[in-house]
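Presented as structure tokens, the chain that follows is alone, the form predicted on its own.
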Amino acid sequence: MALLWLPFGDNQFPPILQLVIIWIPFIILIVYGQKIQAWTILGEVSRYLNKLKMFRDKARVTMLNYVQKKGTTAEGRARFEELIEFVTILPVDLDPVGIVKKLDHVLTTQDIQLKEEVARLLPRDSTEIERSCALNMVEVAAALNSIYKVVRHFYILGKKSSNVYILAQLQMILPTLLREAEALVSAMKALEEGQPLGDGVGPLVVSHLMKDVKKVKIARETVMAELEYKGRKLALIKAEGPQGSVGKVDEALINLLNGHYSDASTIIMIDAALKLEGEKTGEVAEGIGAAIGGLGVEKFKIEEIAHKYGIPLYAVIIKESIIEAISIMKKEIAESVDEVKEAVLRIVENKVPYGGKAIIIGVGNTLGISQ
């Protein structure tokens, strides 16, 4: 049996073969290794980019089909496409003093502007639910469009410069971005059908608690109800449903505390929370602090007013993935409502004295969830 030629020991490649098999590839890798790596990464990033483009286009088509079914004119549909490119310029933060108030002002103006545009473009006989669904679709389509354009920007920049470091960073974050894009696309189906989202579990719990109790409007798109429970007085707050809205629970809390709930013993917030990989969907956990997402404006205001009156903040969270949070509510999340109610009422019994007061806030999008 013939011995194999090895590049070490007593057996050596002939000089010409050694040059072809070992040294020429080595020189190529030294000179062109970075470009080869860049081409490899470009191919992978290109596939991700095509998926993001497909998601963006799917969301756009779903939005346009929805508003067309609701009777929007061709000019209106063209305006809806323009709203996908709507830009909000955040305030300068060089001097952080007062940044929350400025940010709140900008975000409130954006919210009002988009709602007025959607209401103007849809037929006058459209319902509040239809307008809120259309608005949420615009926001989802805009988010997907933004993700796609940013990734495309760095892809083209890396391709032009063959900069492997730009491309490598892009390659590392793309799986996470693609997962977020998939979550946003899945939300379009829930919005189209007006079904409750996974993020709506907080309002759903409060909706159960305030069932058959008189509700009043306490802030923009936000309602409250009062309930007696074992000698304690409970104020229940949630966004006004069943249209898709997160309401102004921070303003509702401020109005209550500046009114006849300034002597409240505790504030309990219920919200969905992003679970870690390996955790079970619908798992309930208790904690301390303001359970609310967003850019932090509402969280800041809630923490500020709670600190002013010296009222402790308690949280009850329901764990779910980002896809589950903005998709149609899963069975496991809906079934956690009874466990959350038990946890909330247990906190009330333990932390609120007999004759005392508590404020319970259900945080989240209340699409498909009435009072």
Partner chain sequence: MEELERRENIVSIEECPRCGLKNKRKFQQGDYVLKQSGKCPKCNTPMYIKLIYAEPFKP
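Numbering follows the first chain given and starts at 1. Just so you know, these numbers come straight off a predicted model, no measurement behind them.
We do not show the form predicted together with the partner chain, though everything after this point is about it.
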task: Let me know the one among E228, E116, D263, E193 whose heavy atoms come within 4.5 Å of the partner chain in the predicted complex, would you?
output: E193
task: Taking 4.5 Å between heavy atoms as the contact cutoff, choose which of L204, I268, V246, L170 touches the partner chain in the predicted complex.
output: L204
- request: Evaluate I317 for contact with the partner chain in the predicted complex, applying a 4.5 angstroms cut-off between non-hydrogen atoms, and reply yes or no.
  value: no
message: How about M54 - does it come within 4.5 Å of the partner chain in the predicted complex, if we only consider non-hydrogen atoms?
response: yes
- request: Consider G76 of the chain shown here, and say whether it contacts the partner chain in the predicted complex, taking contact as heavy atoms within 4.5 Å.
  value: no
- request: Give a yes/no on whether E182 approaches the partner chain to within 4.5 Å in the predicted complex, heavy atoms considered.
  value: yes
- request: Name the stretch: of 342-350, 38-46, 299-307, 323-331, exactly one has residues whose heavy atoms fall within 4.5 Å of the partner chain in the predicted complex.
  value: 323-331
message: Please determine whether each residue of K211, D338 and I369 possesses a non-hydrogen atom within 4.5 angstroms of the partner chain in the predicted complex.
response: yes
